[in-house]
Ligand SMILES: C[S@@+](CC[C@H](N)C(=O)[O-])C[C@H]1O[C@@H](n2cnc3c(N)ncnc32)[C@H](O)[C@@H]1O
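Listed next as structure tokens is one chain, alone, in the form predicted on its own.
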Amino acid sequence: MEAPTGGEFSPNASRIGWMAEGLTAAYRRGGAERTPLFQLVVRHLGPERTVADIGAGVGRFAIPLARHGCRVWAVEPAEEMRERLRRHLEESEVTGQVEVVGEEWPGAPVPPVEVALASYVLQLAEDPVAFVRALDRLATRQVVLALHVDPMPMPEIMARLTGRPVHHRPPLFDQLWPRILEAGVPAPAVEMVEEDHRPPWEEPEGMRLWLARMGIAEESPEAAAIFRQLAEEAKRWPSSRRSALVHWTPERS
């Protein structure tokens, strides 16, 4: 994903579609409640049970948190993500507990909450320091960040199969950690976890749709060959991927 401009979290709309496919597949598989990230958020809730989910995507965490009795502000600037999020909210019957905020972060209108969550979106911020400081001002009990430790394999695989260069490699934990410290947050803790990692599609139609999102139409000459190669790559897909859960208690709490 290309870096946004203006110092704010604003994903590049040209790649949102295929990202939404992967996030939707993860949401449909379920199990968010069993992840270390979800449990970390729940552990730090107070009596108000309020959460801001920054970069909420299609609702993988916002909806389970709402089911858990939380009032959630789901900040998601990408229109396609919000459309899927709203559909998932209607299906889950927790629409009244989730406020969808279609603006960029920092700057989105969200009241103070007990827990500010940013799951795998800090790497999209042009100014990670400003992003983190805004989270610290928002939370009253805990800030929780999830960051990739291992690189995502799909961009490199697609670059090799299509001959298209990878224009932007999002920073990983080791690159973002100094920026978190630069933000001056109080004594951040780090927990390393391993989680299930699967290709962002459901076989086989999901793969074709995903390729179409990448601009590779099924009827194109390259599609059949890429489809076969990608199916072989999926067999060797790593079963898990490391993440870093970074969290701290704001000084004003």
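All residue numbers refer to positions in the sequence shown, first residue = 1. From a predicted model like this one, the values you see are computed outputs, not experimental measurements.
Just so it is clear, the following notes concern the form predicted in complex with the named molecule, a form of the same protein that is not shown.
A.B. asks: Check each of L135, L147, A78, V113 and return the one that places a heavy atom within 4.5 angstroms of the named molecule in the predicted complex.
C.D. replies: That would be A78.
A.B. asks: With the named molecule left out here, work out from 137-145, 88-96, 169-177, 122-130 which stretch has heavy atoms within 4.5 Å of it in the predicted complex.
C.D. replies: That would be 122-130.
A.B. asks: Give a yes/no on whether F38 approaches the named molecule to within 4.5 Å in the predicted complex, heavy atoms considered.
C.D. replies: Outside the cut-off, so no.
A.B. asks: Taking heavy atoms and a 4.5 Å cut-off, does M19 contact the named molecule in the predicted complex?
C.D. replies: Yes - in the predicted complex, heavy atoms of M19 and the named molecule come within 4.5 Å of each other.
A.B. asks: Test of understanding: in the predicted complex, would I54 fall inside 4.5 Å of the named molecule by heavy atoms?
C.D. replies: So I54 counts as contacting the named molecule.
A.B. asks: Should A244 be classed as touching the named molecule in the predicted complex when contacts are defined as heavy atoms within 4.5 Å?
C.D. replies: Flag for A244 set to no.
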